[in-house]
Ligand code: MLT
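So this first bit is one chain, no partners, the form predicted alone, shown in structure tokens.
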Amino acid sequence: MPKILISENVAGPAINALRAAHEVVYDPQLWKSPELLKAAVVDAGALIIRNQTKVTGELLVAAPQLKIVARAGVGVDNIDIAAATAAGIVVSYTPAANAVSVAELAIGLMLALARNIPAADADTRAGGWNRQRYMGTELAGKTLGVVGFGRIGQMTAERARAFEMKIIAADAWLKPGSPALTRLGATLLSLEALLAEADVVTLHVPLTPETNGLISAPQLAVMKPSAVLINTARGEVIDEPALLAALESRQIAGAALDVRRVEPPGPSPFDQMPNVIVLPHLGAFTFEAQERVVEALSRDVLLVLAGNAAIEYFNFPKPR
């Protein structure tokens, strides 16, 4: 009976179904020690992870019985996909399970930046009552630039339309006239044109060699001084020193960062800036999304270990 190894905090009722059929080893701190992880995965048939576990080629070589790596989330940038594919290991993920939660968080961050909610809350708690200092702006009539118009980007745009925002999008995979653009009344632009026009820029791209550092000094330089930047995608998409410089010089008005280049990031100048919101990678962390995520990955683990095809697979449905 193949062992299932869980190296991060992935829990819920669906995990109990795994325990009923297989030995489950749950060690949510295991990702912190590559050596201990390598030793633990030797006899594992399945590895369940989030975004912290680094599934390298070296780790996969140490796991001759591994049939599936199941990622709780949409990104697979912490997995060596080429090595897994070469080894015949299925990589499954949950691209739809957390989309609503991430889109709702992006909208919440737009509102929080537009109305200075975190800064005004902190000031009022400290005894202030500074209504003029925290004068905000409305989202209605503003232009939302969505960078990455996939599932989450589209859901964010759909919700932003309820605030009467104009939608523009930049996506290397879309063409003008795409049904997604037509359905949401969005205009497809180049990244540079989008950054120059948008009042709010929200990032929804995966981490790839092309998107690493996608938003750096040249891109920030073309944004409006009144514009704000929201990142609920991957921290590496933004050049953080360039963003810090842009915020300090008031080149842009504010930012909301749910994700960082290094997580947890440690103390940072962003922490002290009233025009910046920093969160601990909360995008997918709602009760509803996590229940869907754990159910989906548990289902695929059980399917693959029983010799069947995974449903939400990234490379191929069955081990090779």
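The numbering used is simple: start at 1 and walk along the sequence shown. No experiment lies behind these values; they were computed from the predicted model shown.
The same protein has a further form, the form predicted together with the ligand, not shown here; the description that follows concerns it.
- Taking the partner from elsewhere, G75 is found to have a heavy atom lying within 4.5 Å of the ligand in the model of the complex.
- In the model of the complex, at least one heavy atom of A284 sits within 4.5 Å of the ligand.
- Although the partner is absent here, Q251 is not a contact residue: none of its heavy atoms lies within 4.5 angstroms of the ligand in the model of the complex.
- Although the partner is absent here, K67 lies well away from the ligand in the model of the complex, with no heavy atom inside 4.5 Å.
- Here the chain stands alone, but in the model of the complex its contact with the ligand, taken as any heavy atom within 4.5 Å, falls in 45-53 among 58-66, 25-33, 269-277, 45-53.
- Residue-level contacts in the model of the complex: of Q154, S92, N98, T202, one residue has a heavy atom within 4.5 Å of the ligand, and it is N98.
- Shown here without the ligand, the chain has no residue in 1-35 lying with a heavy atom within 4.5 Å of that partner in the model of the complex.
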